[in-house]
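Single chain ahead, written as structure tokens, the form predicted alone.
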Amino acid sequence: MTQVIRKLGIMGGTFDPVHYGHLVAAEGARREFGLDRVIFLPSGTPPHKDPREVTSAEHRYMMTVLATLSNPYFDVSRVDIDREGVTYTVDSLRILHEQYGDSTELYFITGADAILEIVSWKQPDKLLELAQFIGATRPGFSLDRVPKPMQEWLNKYPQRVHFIRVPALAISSTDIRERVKAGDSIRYLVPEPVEHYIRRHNLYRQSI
């Protein structure tokens, strides 16, 4: 009997806060690659950011849960939130690979900019062994501008790295935080429950 391979998307990110760009990217990847589900994976202590400049993991987790409730194909994982220390993607993928087993193919979804920095991540070659990578690109993004050494590295994995265009990625978490701090509206940039959560918990009003 032929084994049925389940295709599971892993939407990685800090989600500080989660916004419509993240949701559109996850849904676009789900449909384009025929993913059975997409698991959002809020980072615990991300290695490339100053922990003092990142909102608490519980707040980011709760905002992500609120943002994904209306989509039956979306779930949120606490794999990184509940781990101590710096949370490296390669370790997260190892845990998820063990959790879901060999009958599941993992597709890690993130911003294309992040993928182009993947050589600086922990064990980059192991990452592509554990999962295929989907890079969501912003308007105007072009691989032609990628440095040649990075292009050569990507060419080693032609069947493991993919890119999709997501116009909504013009939205950024940084811009949303700055808008909140300045007292500007973030309506239609984040789901309404996330907007209410930010207001209720007074997030981003001052420096973290």
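Note that residue numbering begins at 1 and tracks the sequence as displayed. Since we're looking at a predicted model, the values are computed, not measured. Here, rigid core means the biggest group of C-alpha atoms that superpose within 1.5 Å across both forms.
Beyond what is shown, the protein has a form predicted together with adenosine-5'-triphosphate (ATP); the following relates to that form.
Checked against adenosine-5'-triphosphate (ATP) in the predicted complex, the candidates Asn155, Gln159, Thr174, Ser70 yield a single residue with a heavy atom inside 4.5 Å, and that residue is Thr174. The shortest heavy atom separation between Gly12 and adenosine-5'-triphosphate (ATP) in the predicted complex is within 4.5 Å. Proximity of Leu66 to adenosine-5'-triphosphate (ATP) in the predicted complex: non-hydrogen atoms within 4.5 Å are absent; the residue sits far from the partner. With a 4.5 Å cutoff on heavy atoms, Ile39 does not count as touching adenosine-5'-triphosphate (ATP) in the predicted complex; it lies far away. Interface membership of Pro191, defined by any non-hydrogen atom within 4.5 Å of adenosine-5'-triphosphate (ATP) in the predicted complex, is ruled out.
With adenosine-5'-triphosphate (ATP) omitted here, the record of contacts in the predicted complex names 166 to 174 of 30 to 38, 166 to 174, 179 to 187, 146 to 154, defined by a heavy atom within 4.5 Å. Residues Phe15, His19, Gly21, His22, Ala25 of 15 to 45 are found to place at least one heavy atom within 4.5 Å of adenosine-5'-triphosphate (ATP) in the predicted complex. Comparing the forms between this form and the one not shown on their rigid core, the Cα displacement of Pro139 reaches 2 Å or more.
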